[in-house]
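As a starting point, one isolated chain is supplied in structure tokens, in the form predicted alone.
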């Protein structure tokens, strides 16, 4: 990948695609030649500036405001995509939210909010996207190490990401006959604003997040490179997998001394 523009002529939707990891993915897919649809929820100005960066790469950019926690907003988003583009080749399920609480402190509203945005949205988006992927396609979800490891105050998000990974497997098999590949990416702690919400705990050893066997934290661009690969033809035989990208962090979490050597 790289100079060959592996995604030239493809149409890609990135949910939560205007900032953080989503922005990095949006720009990377644009670099590979894809026209991108940037879904955002709150700040139109951020979505517009990301769209400008996309246009500078010589491809199309289209922004759509929608809260993916609301089924009717997902429906209207896909209606607009269908009217504007007539098809979709790539779905990147990236938009995420969550309530930072332990299991026993988690209330019904926080649970529903997190599950709706992180897990149900993937199903609803996949359902509509599959109908627009007339010549096959790629779906990639952003998961988290919290789907399998227990992180402080991460109950709702961790469980929702585990649901995303299970759904990835089910959809991968169900959509395979249509030529649609479905995979997930599970990053470790990423150097981003969202991380601060979960690492504010003074009891959490900082070194566990800030160093990895690779010598640095994962960056949004690292994730974007992996997503771009999963959206290309080179990854056609990877199906229903969750690929961990954490610089080796999860290999050493149970053995902190390993990082010191």
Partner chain sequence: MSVEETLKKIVTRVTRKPETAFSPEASFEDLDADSLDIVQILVALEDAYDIEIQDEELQKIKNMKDFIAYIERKIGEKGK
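Positions refer to the first chain, counted from 1. Keep in mind that this is a model prediction, so the values were computed, not measured.
Below, we refer to the form predicted in complex with the partner chain, which is not included among the displayed structures.
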Check: So which of 104-112, 158-166, 76-84, 141-149 is the stretch with heavy atoms within 4.5 Å of the partner chain in the predicted bound form?
Finding: 104-112
Margin query: Using a 4.5 Å heavy atom cut-off, which residue among 180, 132, 99, 190 comes into contact with the partner chain in the predicted bound form?
Written below: 99
Next item on the list: Examine residue 219 and determine whether its closest non-hydrogen atom to the partner chain in the predicted bound form is within 4.5 angstroms.
Entry: no
Check: Is there a heavy atom of residue 57 lying 4.5 Å or less from a heavy atom of the partner chain in the predicted bound form?
Finding: no
Note to self: Can you work out whether residue 229 and the partner chain are in contact in the predicted bound form, taking contact to mean some heavy atom pair no more than 4.5 Å apart?
What the structure shows: no
Checklist line | Touches the partner chain in the predicted bound form: residue 45 (any heavy atom, 4.5 Å) | finding: yes
Next item on the list: Any residue of 160-181 with a heavy atom within 4.5 Å of the partner chain in the predicted bound form counts; write them all down in order.
Entry: none
